[in-house]
Each structure stands twice: as C-alpha cells, then as structure tokens.
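Before any questions on binding or motion, here is one chain by itself as structure tokens, the form predicted on its own.
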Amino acid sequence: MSIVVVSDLSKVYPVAVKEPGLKGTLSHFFRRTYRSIEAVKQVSFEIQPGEVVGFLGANGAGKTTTLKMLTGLIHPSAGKVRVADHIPFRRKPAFLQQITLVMGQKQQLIWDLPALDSLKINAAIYGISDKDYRQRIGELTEMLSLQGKLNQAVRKLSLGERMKCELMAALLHRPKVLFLDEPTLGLDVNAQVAVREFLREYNQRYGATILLTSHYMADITALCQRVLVIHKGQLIYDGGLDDLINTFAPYREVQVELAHPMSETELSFYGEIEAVEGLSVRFCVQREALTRTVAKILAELEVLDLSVTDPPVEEIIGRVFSTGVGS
C-alpha cells in the first residue's frame, strides 16, 4: 500500500496586480484586482514505503509548494493527497508524529542555546519518554558523528554540524516519512557526503520513506533510484534515473586522446564537437550512430585513448527543464 498518494494536486495563488504611478497606487489601495498564478497543476504520483525518491525542478517549478501541501502547511486548491493514511492539511497529531520536513534554508534550533536544549524541547513536544530520548540521542549522535557537539551553542557549530543537528531534531520522533528540501544546501563537499551517508543508513535501518529535493545532482545520484521531475508546476517525468538519461539524452559522449593535433574542421567529419583541449577531443554522438562513429575514429585517426560515457546528469536535467519535454 502506498504511503504517499497524490492525485491531480493543484495550487493556485491570487496575486494582486498594481498599475504604475500615483493613479495605480490609489486604485490598488481602494479597489484591488488579482490574477491567478498556478504554482502546481494537476500533479499525480504515488510513493511506496521505504522508497527514496528525488524531486527535481528548476527554481519556481513548484517543488516547495508541493512539499508544503504534502506536509499540510498549505491547503491545496484542488486534488487529493494522503500521507501515511492521513489528509495532511488537517494537521492531526497522529499525522505529525509520522512525518518531518527539513528545509536547508530554515532552522528550528535555538541559536544561542546548546543543540541538546532544543532536542529536549522537541522530545517534550512529541511526548518521547526519557528512556527513548536517551536511546535515540545516543544512536543519532553516533550515526551523525556529533560526539562532543551537542553541548555547544548552535551559533558556534560549523554549517555542516548545524545541519546534522537539524536532522537530529527532525528525526528524534522517528518519523515514517521524511520530506527533505535542499538538506545539503551550502554545505562543503565533505559535509554533503556525510549527510548523504547518514540518510542512506537511516533509510536502510528504519525503512523510512524519503522525498528529497536538491540542486546537487550528487545527492540524487547517490540516494535515489526513482525521480520525479516537475516543470512549470506540471509533473513531466516519473521513473528511474537511468531511464531519465535514456529518455532525455539520446546521445553519448566520446572522449578521444589523439597522438597528433588536428584542426576542428578535420575533426568535424567524425561527429559534433563539444570541446577540444590540446590533444583531447570530446564528441557528441547519437546513440544509433555510436558503433559506426567509434569504428571510423579508430580506423582513420591515430588514437592513444578512447572512452564512451553518458552525458553528466546535470546536463540532462538542465535539458529537461529548458524544453519541458514530456508535458
């Protein structure tokens, strides 16, 4: 049975329209006119218990609005949504016990107090017993490598340590469903890796369901086998990451290391040139022409090395966003 069920979910915001100048200001003050902005348009998908799903989209595509509807922070304009067998916007305590929302650009910890004090407040809010509190703090501290950090004021922690403490606070009540909005935003590479490893371990240990948005494609490729892509409020892709590559990148990259330099005019006979750096040349080749092109390169050019790869996932996602293919 699906733990997240979304059917034709939509959100429309009324936005006041103001004409320029004094006349426009007076008119806006006494008689406002509005236009409708469709932030989310008839989005439908389901997520199974224990799945880790990437939720991708450009800025303003509707990702955060969708997450807010899934967590009950805002009411949908149309459609239906159920999370852990609850209707989110009713915000029932039994529902709130089963979900959490972590936003990389927001914090719930009290800035001037030790993180441990905020964690004790969270434990009281969720009615966690002293025994469970101590056990969970110990377990999460070990998983997040936060030994010796929880008694320091939050403002004295590094950004990575603060994010780990935010995760601890969000997971103290051991929710079934994690909604993570840019959890590695602004973190250095080492901190990003640490957060990814923790989320993977947490998912495996507790079977938690995770819906993750991120601009760092390394987060998605490391954690998610399935991705949802939203573009201008509409869901344009729901499937495997590998299938996304095959669908939106019908070409391969051929990297060639030449023994001798050649002009771009000469090289252009072997495929579309993406880049030339000294003796290294990168071609863009349609998949159906790949075997023929590689054979021609090896037969006619003096090649020291040759490799064939898929284009970077970032490039593929960028293409999806820019074209909106699939809508």
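Start at 1 with the first residue shown and count on from there. None of the values given here were measured: they were computed from a predicted structure.
The same protein has a further form, the form predicted together with adenosine-5'-triphosphate (ATP), not shown here; the description that follows concerns it.
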G60: heavy atom within 4.5 Å of adenosine-5'-triphosphate (ATP) in the model of the complex?
yes
Examine K80 and determine whether its closest non-hydrogen atom to adenosine-5'-triphosphate (ATP) in the model of the complex is within 4.5 angstroms.
no
Within a 4.5 Å heavy atom cut-off, is L267 in contact with adenosine-5'-triphosphate (ATP) in the model of the complex?
no
Considering only heavy atoms, tell me if V15 and adenosine-5'-triphosphate (ATP) come within 4.5 Å of each other in the model of the complex.
yes
Given 51-59, 296-304, 277-285, 254-262, the stretch touching adenosine-5'-triphosphate (ATP) in the model of the complex at heavy atoms within 4.5 Å is 51-59
Pick from R134, R200, H215, R91: which has a non-hydrogen atom within 4.5 Å of adenosine-5'-triphosphate (ATP) in the model of the complex?
H215
Taking adenosine-5'-triphosphate (ATP) in the model of the complex as the reference, which of L26, I37, I273, L290 has a non-hydrogen atom within 4.5 Å?
I37
